[in-house]
Structures are given as C-alpha cells and as structure tokens.
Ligand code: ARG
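Single chain ahead, by itself, as structure tokens, in the form predicted on its own.
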C-alpha cells in the first residue's frame, strides 16, 4: 500500500463528497479555497476564502485566539478587547474571588483600564500562518518499516523542518499530524502573556441553568466573559508590566445587531480539541458499552458527594464551583453521547460503511484490517477499562491522591539528582500546593475517597488492586471508610501548614518524612501496580491500534478516491460552517432555534443556585429597557443553535455571519448530539451559541459598562444589504460604482 503524501491535493480535485449534509466537518482554513469555498457560498456566505484565511493581508484568522490553550476567544475591538466564554475564564474569575469580594456571585466590570486584572500564566496565542510540510515530514519513510523506525525518521525530519523557520522570541512553530499521521502541517504562532480580566457577568447570568441545563436545549445562559491583551510599546508580546498598552490587532470582528433567522449562514472559527470520526465499529461499541458507563458511574458518585457539601456551605460552593463544573461537564457529555450513538444507530452506520469498504477495497487488506481491529480491541478492553477506573478515581476525583503526583515528582528528583534536583523543583511544587489548598476541603475528599476506593475494589480484577485496598475490603463491611479515616487523620497532606513545615526541612529530612506518610505510601503502591499491570500493557496495545488506525485511514482514502474526508480535530485551528437550524430530538418535539430573555424569567426560581435571577435583570425585563438590543419583535434574544460541527476547544469560538461579523459566541452542544465527536448526524447535532445582542445588552444595560460598547464596531449587515438591493441597477450607476 503506497504512502499518501498529499491527501489534500487529491481531495481538492474531487467533485463528489461523502458528506451528506452541507457543513459537516472541521476544515483547515488555508484549504478552504480548494475544498469548501463553493459550498460555503452556496449556503449564503458572502466572503471569499481569502477573507477568512490569508497570510498576505488581514483576515478573520487574525482575530481568532487560542485562549490559554484550552478554549477559543476572539478580538472584538481595535484595543485588544477579547471575548470568550464565562466557563473559559472561570478559573481566572474564581482566583480573584473571595467571601468578601465574590466575583463569581456578583460579577466584575472594570470601568477603567487601570481596574483590569492581571492573570499570571494565562496566554493568548495567534496563528500567523499554516504550512503543509507533509513531503518533508515523510521523506525517507518507506513501506514495510516498523512503527518505531517510521516515527524515528519523522521526528528527525520535523526537527529539520522547524530549523527552516526564522522566529522571534515570542514565536513558535508547532507541527501536528493529520489523518492519523498520513499528513503534517506546521503552525507558526505568536503568544501574548499579558492577558487581563475586563468583565464577567454574575453566575446567575454566566452560569444560568448551571448543571441542569448543561448540554441542554432550550438554553438561556449568558456564557461570556471579557479579557484584554496587552503588549509592549512596540505592540509586540511582553511580560506583564504596568507600562504595557492594549494590543492593536491586525483584525477585529465587527458585531452585528441584526441577529439571526433560521437558515442563516454560520461560521465557527476556533481550536476544536479531539474527534474520532473514523474509528472502526468495534471501537465505538467498546466506548458505548464498556468505557463510558464505567466513567459515568464514577463521576456520578463523586458529584453527588460534592454537591451535598456545596449546597450546605457558601464557602465550599465557591471553592468547589470550578472543580464541580469540570467533573460534571464530561459526566453529562458521556451520558448524552451514549444516548445519541444509540438513537442514530451509530453501530449500524459503521457496519454499513465497513461493508462498503471491504467490497470496494481492491485487495484483502480491507477485511484483514477489520479483523485485526476486532482482535486488538478485544485484547485491550480489560486494561482499557481498568485504566479508566484508575485515572478517574486516583487522578481525577480523589484530590489527595492526585496531589501526591506532584510530591512523588519532588521525591523522584531527590532520589535521582540529590539535593540540587530537589531544591530546583521545590518552588514549582510549593506554587502548585498554594493553589491546591486554597480550594481544598479534606472532609469532602475523604468521603469521595471511601466511596470510590470501594468501587474500585469491587469492580477491578484482583491483580489490579493494591494490597492496601485489598486489606481494607477484607477488614469489615466498613473497611474502606475505616481506611479513609485512618489515612486522612494521619497524613500530613491534608494540612497546608504541616506540608509547608516539612518542605522547609532539609531535603533529606523532608523526603524521609514524606516517604513515611500513609497517603504517600498508598499513592506510590497504587501507581507502581498501575504502571506494571495496566499502563505498560495498555501502551503497547494502544500503539498497535494507532498503527492500524493510520493504515486504515490511508486505506479508506485510497478505497474511496472520489470522496472528501475532513481531518479529525487535534486542537489546531479549524473552520466549521453551517446554518441556524432547529431540530426534532424525538416524536412530537420540535425545538425552534432561538431563545429569549422571556425564557430566563420563566425558568427563574428565587434563591436557587442554578436558576436565580438578580433584581436588576428582573427590572430590565419588567420595564422592557432593552435599548438597541431587542429584535424586531421587541424581545431580547439570548441563545441560538446551528448545525456547525463543534467539540471541546470550540468553547469561546465566534459565531460569524455571512459577511464576517460576530453574531454569537459558541459555548455548548445539545445533549442529543454530543456523539458528534464520534458520529456526526445532521438530524440532531447542534451547537449552542450566546446571541451577540444578549452579550451587548448585559454589558451595556445590566452592567453599565457602556465604555466597552464604545470600543466595538456595531453594524447592520442585513439592513445595509437591503438598502444596497434597492439601488437602481442602471448601467451608468454601476460603471460609476466600479470606478
């Protein structure tokens, strides 16, 4: 089987597409001209591909920002004002909050630039250009090479490619594989490290509906926050300084006041995290029936415990708000994903595609590949399941054990490099612990520990259970609770003061005390067993699956040469396009695509942490004091949905209209369509966006931050277009216009 060296070149010549619904897929912006421009314009787009992505002139890409590496944001003023989701800025808002100044509850609005708040560690990254480096990356790669040999050559090639770029100190070049390693693209980036908090609505707006409405439509959440990028006097990136000035962007997005109607064109620009559209059916079945149910069960148990304490204590609610949201997010996503995979018959669709693949494949490779996949996924299932149990329990949901990873790294550096290794790494550990203990309650963690270790002891095979947990299970019916009490009572790691005192000892004394700690011993014991019985076997088997997936992807493209396949998301810049669309999730239910402030009031429950509404917002609704932000029916739109193909990482992505203006802010997907990471289906896959007019309404009428509105460029593209259409199309007039 020959190596595919330029997949996109062959795709650009194709006239037939596998995609049955206009707009499916996450596309590289530099290839829109050859692959997507025609379809996008047929759906109503008035822009050209170069208006979206250009290296020769300012374009939409110059307003799109990778926010902290985990979300997307966009520039909306000539002074570096940046819009992203409330949940993307949540950690920063929380870090500035306290009982006396609860910005999560009350919101925050800087009325002058001097009041804008610095956020150490937060960065804003732009993409300067994207280059196809496939030919150089795969130079010397030959058929029949082992995966290790292949990767070794590619790694050397990529290092050589990077050396071809001349970069400034604030620039970097990142090279990422596409199509499971069959193609490579380089991304030249510029990173700004002075990013300041400008504004955030209270949780009653920014998280309205909270966990109940998460992943759900109809939605009424004002999920937005505002930051600003600061630069040095030369407009280049600089470390934080009081002398820095607002960044002057190459491009910023005007904001449309005309709103949306069903079937309007929508473009989402951002950094989607990860999708797996080309998995074989056996992998999807394993996800549905084995892995997702286990993870859902673990998080469900932890969330119920945390929720109980959050409802009892306001301080706990502040401390655990971000952690709870993080854990709950994918818990609910996995539930919806499973339901969506079943309701759209994902396994049946995979089976049909694989039958066509085997039928059209010119050799026996198709059948043998699927047979190899079946064996590989059967072989990995046990360790994959146990791996998920360990990672969900010992790493993600028991905070004491998760924190131990940093301590084990410190001890490891002492064991390997002596006092120097220890003292060099110690400041990083202390910094991490300062943040950890600020939002840590041992009594909550202890209860989670008891519940989840008992789950692990009952679900995992004996060979995967550490001796300490086995002993607890045999001790008594309450063995796991007794173990939790013993560890949390005696460990020094539940107390920041005690930990600090130990870390202030000499390295030798500190390491001796740490190694004798009960929690540390359990962490070491469990991690060692995990590495030998789970991690190593999983890694070997996963490498085999990844190799099969690369060959399978290559074979799919060669088997269906007239079909167009988009690359899976991998946190690189992508464009996805669609239309404002309602949907029918089940019999007799039809969701329209826009929600309004009236719906917020309908959901309002006084003093409820999810559905409470401030007096100010109630008053604005009661008096209909909407300013210029109401639609033609006199109502304030809050959210709308579209058919854009999005995933995690698209949080904060701009929703852009046919003319290149901001119309909304992407922040979620509908629950019935969360399986779009694996199986996009046009009937129920919808992304959820905050309407730009609601954002402006909150900033202006609710917060009284009209100075921020003054920075922005507000436009009426639909009204302007109607005016243009009424101009008589006389020959003389158009000759004058062309001049």
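Residue numbers count along the first chain shown, from 1. Computed from a predicted model, the values in this text were never measured in an experiment.
A second form of this protein, the form predicted together with this ligand, is not displayed here; the remarks below concern that form.
With the partner omitted here, the residue from 303, 325, 551, 383 that has a non-hydrogen atom within 4.5 angstroms of this ligand in the predicted complex is 325. For the options 87, 581, 125, 350, the residue carrying a heavy atom within 4.5 angstroms of this ligand in the predicted complex is 87.
Though the partner is left out of this view, residue 657 does not reach within 4.5 Å of this ligand in the predicted complex, counting heavy atoms only. Within 4.5 Å of some heavy atom of this ligand in the predicted complex lies at least one heavy atom of residue 667. For residue 77, no non-hydrogen atom is located within 4.5 Å of this ligand in the predicted complex, even though that partner is not displayed. Although the partner is absent here, residue 214 is a contact residue: one of its heavy atoms lies within 4.5 angstroms of this ligand in the predicted complex. Listed stretches are 667-675, 695-703, 709-717, 39-47; the contact stretch with this ligand in the predicted complex is 667-675, by a heavy atom cutoff of 4.5 Å. Annotation for 544-559: no interface residues with this ligand in the predicted complex [heavy atom within 4.5 Å].
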